[in-house]
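The form predicted alone is given below as one chain in structure tokens.
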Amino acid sequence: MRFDIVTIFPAFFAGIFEHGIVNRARAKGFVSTEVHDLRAFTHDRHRTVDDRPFGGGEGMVLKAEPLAEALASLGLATREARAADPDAARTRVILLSAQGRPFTQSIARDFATLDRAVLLCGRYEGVDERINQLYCDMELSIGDYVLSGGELAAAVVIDAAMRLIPGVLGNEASGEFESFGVADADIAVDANGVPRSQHGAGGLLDYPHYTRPAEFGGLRAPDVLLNGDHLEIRRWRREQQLRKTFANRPDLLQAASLTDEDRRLLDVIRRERTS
């Protein structure tokens, strides 16, 4: 997969792609990243990329012309033209913006199936909306807060999507045994109503993890994880998923894949919290 990043601060990404999984994925050829300096597509002595907003107001707005030229240099036509081109079906142009839809693990999974993602890093008060209307397939935000620019958001999107590309993590299941994972088919359960595995979180948060030593800081790892009873371990992990999700992200429960036993446990958890 190829990621193209259009930014006014290309040096921002110099260190980010030189460490960890992103670096290994690039070295092995699973991912390529190209950073493009928006100022290279200006035509005045000051390399101007922004201007005052129509209608007045604070701040500056990134101009449409250099962004359109940058996209053309990458071989990208307007969204309408790309929609009629079968060869462009696996390419997306994405605007990073505080006004965008929330970036989620589900969107990251979709991106991991693409051939190419082009990320436009907004700055100042934003990007001339005509670029969004003419070229962008999606406007994304990584959270309900405002950043100085889209560079950090672009790095987040690349990391989240890249690690889901087959082969990047080595063990492909590593991208499924975690928070927000897709549920196992039909939430397969055993005779006790316990999910047969935690292979997919089913939209819940991950369960807590422990490793050696068994005791640290006066706290001991849960005995259930040390006794070798895999049924009890699965039951404990599922309950912990529900508890952590209820405590930290109760909104996820509305769309999560839940069994009857899950709902019973949630009733118990709710009663504990209100008693």
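Everything numeric here is computed off the predicted structure, so don't read it as measured data. The first residue of the sequence shown is number 1, and the count goes up from there.
There is another form of the same protein, the form predicted together with a small molecule; it is not shown, and what comes next is about it.
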| property | result |
| --- | --- |
| Which of 84-92, 98-106, 70-78, 162-170 lines the interface with the small molecule in the predicted bound form (heavy atom within 4.5 Å) | 98-106 |
| Output flag, Tyr207, Leu225 and Leu231 jointly within 4.5 Å of the small molecule in the predicted bound form, heavy atom basis | no |
| Partner contact for Leu140 in the predicted bound form: the small molecule, 4.5 angstroms, heavy atom | yes |
| Touches the small molecule in the predicted bound form: Glu129 (any heavy atom, 4.5 Å) | no |
| Touches the small molecule in the predicted bound form: Ser148 (any heavy atom, 4.5 Å) | yes |
| Contact label in the predicted bound form: Glu125 to the small molecule, heavy atom within 4.5 Å | yes |
